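Quick heads-up: it's one chain on its own, the form predicted on its own, in structure tokens.
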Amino acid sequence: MEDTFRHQGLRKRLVETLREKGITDEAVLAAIATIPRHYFLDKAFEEHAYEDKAFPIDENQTISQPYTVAFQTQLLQIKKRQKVLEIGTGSGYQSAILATLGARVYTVERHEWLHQQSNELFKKLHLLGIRSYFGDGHNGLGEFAPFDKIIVTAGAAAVPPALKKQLKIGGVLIIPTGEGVQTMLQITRITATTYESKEMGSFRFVPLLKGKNKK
């Protein structure tokens, strides 16, 4: 895998685009400048990897557009060593950004093929801060809870109750909810039984499906 000066220059240009669109977290922008997005895409899309666009990946899924990745990550306000649960590994790009920010990432993917592909890529890139699992994201990873932060990278019809329960007190869950066009929610756990929810704009994601899809 090659990461040329040209790729690095295109990433710098992408970072400037994201800054112009309102991303202000310099740590997030630095992570996007660091991770070669073209590694996470099919070769056919390599020339377009640093455009601010979503692209198809295997299993009828997508790699989110960089603005969406940056926006969700900025809302999480990651601090080093925080335990972060990601629902929907997909290509692995979002996981890589979180790990680059110093998070301890636990990521769940329901498509076995995507799970295996992303896991191989994490090893090649020496992203040691990522633990990936094949499973139903609606259930989270209760055995490793509680989490400081949870991010969902697919559109949920409703917020899965298990995910809210797996947040630490003071923890934050970022999740797009709704049909078709989703509303991004930032949910903070205030006490054992109370949560505060804020709407953070409209986005479009593939749906968060139940169950596991073996290859």
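Bear in mind that the values here come from a model prediction, so they are computed numbers and not experimental data. Start at 1 with the first residue shown and count on from there.
We do not show the form predicted together with a small molecule, though everything after this point is about it.
Partner contact region in the model of the complex: 106 to 114, out of 106 to 114, 76 to 84, 141 to 149, 119 to 127, criterion any non-hydrogen atom within 4.5 Å of the small molecule. Though the small molecule is absent from this view, in the model of the complex it lies within 4.5 Å of a heavy atom of just one residue from 166, 68, 61, 182, which is 61. Using a 4.5 angstroms limit between non-hydrogen atoms, residue 135 touches the small molecule in the model of the complex. Of the heavy atoms in residue 154, some are within 4.5 Å of the small molecule in the model of the complex.
In the model of the complex, the small molecule lies within 4.5 Å of some heavy atom of residue 206.
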